[in-house]
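First, one chain by itself: the form predicted alone, in structure tokens.
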Amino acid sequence: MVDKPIKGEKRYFVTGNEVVAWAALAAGAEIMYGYPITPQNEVMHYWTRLAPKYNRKFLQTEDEISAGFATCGGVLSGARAFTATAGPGNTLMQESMSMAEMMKIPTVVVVQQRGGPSTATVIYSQQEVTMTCFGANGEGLRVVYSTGSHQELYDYTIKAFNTAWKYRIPTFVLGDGYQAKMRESLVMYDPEERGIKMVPTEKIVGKEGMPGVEREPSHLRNTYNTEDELYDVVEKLVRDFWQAAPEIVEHQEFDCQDAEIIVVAHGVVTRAAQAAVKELRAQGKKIGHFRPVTLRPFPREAMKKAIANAKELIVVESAEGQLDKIVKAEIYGCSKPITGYFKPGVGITAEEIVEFINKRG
């Protein structure tokens, strides 16, 4: 019998990509399908080093289009499968993830964002928010967790498998190039030892029994003949998604109760925002920070409540307003001024946020 990859709890000092590989192992992932692209390459590298020790598998496909569809195929067969990608690879996977939305295939995808548009840089950005939340044709019926640390990469990679299989919704862990490459300490653990019950996988195709006689037929389709037929299917998908949303949404608040200005940021930028709030509070300024952990579905009601007493919102992101657009759509009707501090493809420090706010008086 093969030992569990993680026993008990232990602190490690590793890269974010290594964290993803270990987390997938701890979550019981059986196979990874992938194709190389920076900055997620080492997820594949670490997985291929570790997987054989625990009877897990890996298949390198010919491109990201194939990786996405192979992941869907693995999941349909009942395998606990996942993939990882970035930038142009994320773009190429959108067709398969759109199919996963339509057919309710519980795929898990880890995205380590890089600069765009197109090939751009291999370093870092938050420019894959729109694509990851709403990519491909369809209604964006997917879950997107935005992580800000190695501990969260570990926690939410494990959680992604449970969310995907519990709700039958494609689930994304949205990291970035900084998290992928830097080293940071975290505690790795066996989820079962923490009382986290892993949702089991099951065959979606090839189930035992005669369909329609011994079991309900699956009706796995992504092509429909008439507009009305498609409408009925999509309406149910949308209804199911929003019914599950209250159980999925997550957020964090920092000093929002009496804040006159609230900084909105996600992912790794939340770390700069948290540090900026502490500094500005020490200067006597009433500043708070709201962080959406789930970008899709968005914690709309929590945000409306958190910003109720604020006079202004400042959206800070390493993109040209991708989070800003989501925020404005989600709190539509809010009359508070919303200011953007955008640095597409560039890291943002606490000092920059402090300076930006102080210059405003």
Partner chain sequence: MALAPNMPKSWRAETKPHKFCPGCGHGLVLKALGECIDELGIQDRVVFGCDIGCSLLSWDFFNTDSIQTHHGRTTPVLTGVKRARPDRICIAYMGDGGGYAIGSQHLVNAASRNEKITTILVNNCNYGMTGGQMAPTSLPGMKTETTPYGRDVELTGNPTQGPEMVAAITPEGAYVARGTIANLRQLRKMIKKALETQINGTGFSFVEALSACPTNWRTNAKDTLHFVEKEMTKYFKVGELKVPGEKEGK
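Positions refer to the first chain, counted from 1. Keep in mind it's a predicted model, so treat the numbers as computed, not measured.
Although it is not shown, the form predicted in complex with the partner chain is what the next lines describe.
Engineer: Between the options 117, 246, 206, 200, which residue brings a heavy atom to within 4.5 Å of the partner chain in the predicted complex?
Structural biologist: Selected option: 206.
Engineer: From the list 162, 130, 77, 252, which entry has a heavy atom within 4.5 Å of the partner chain in the predicted complex?
Structural biologist: After the contact test, the surviving option is 77.
Engineer: Heavy atoms within 4.5 Å of the partner chain in the predicted complex: which stretch in 27-35, 46-54, 301-309, 324-332 meets that?
Structural biologist: Partner-contacting stretch among the options: 27-35.
Engineer: So in the predicted complex, is the partner chain close enough to residue 103 to count as touching (4.5 Å, heavy atoms)?
Structural biologist: Residue-level check for residue 103: yes, a contact with the partner chain.
Engineer: Please run the contact check for residue 73 against the partner chain in the predicted complex: heavy atoms, 4.5 angstroms, yes or no?
Structural biologist: Yes, residue 73 is a contact residue.
Engineer: Any of the heavy atoms of residue 91 lying within 4.5 Å of the partner chain in the predicted complex?
Structural biologist: Close contact is absent here: in the predicted complex, residue 91 is far from the partner chain, nothing within 4.5 Å, heavy atoms only.
Engineer: Report whether the minimum heavy atom distance between residue 216 and the partner chain in the predicted complex is within 4.5 Å.
Structural biologist: Because a heavy atom of residue 216 falls inside 4.5 Å of the partner chain in the predicted complex, the answer is yes.
Engineer: Judged by heavy atom distances of 4.5 Å or less, which residues of 87-120 approach the partner chain in the predicted complex?
Structural biologist: Sequence-ordered list: 95, 98, 99, 103.
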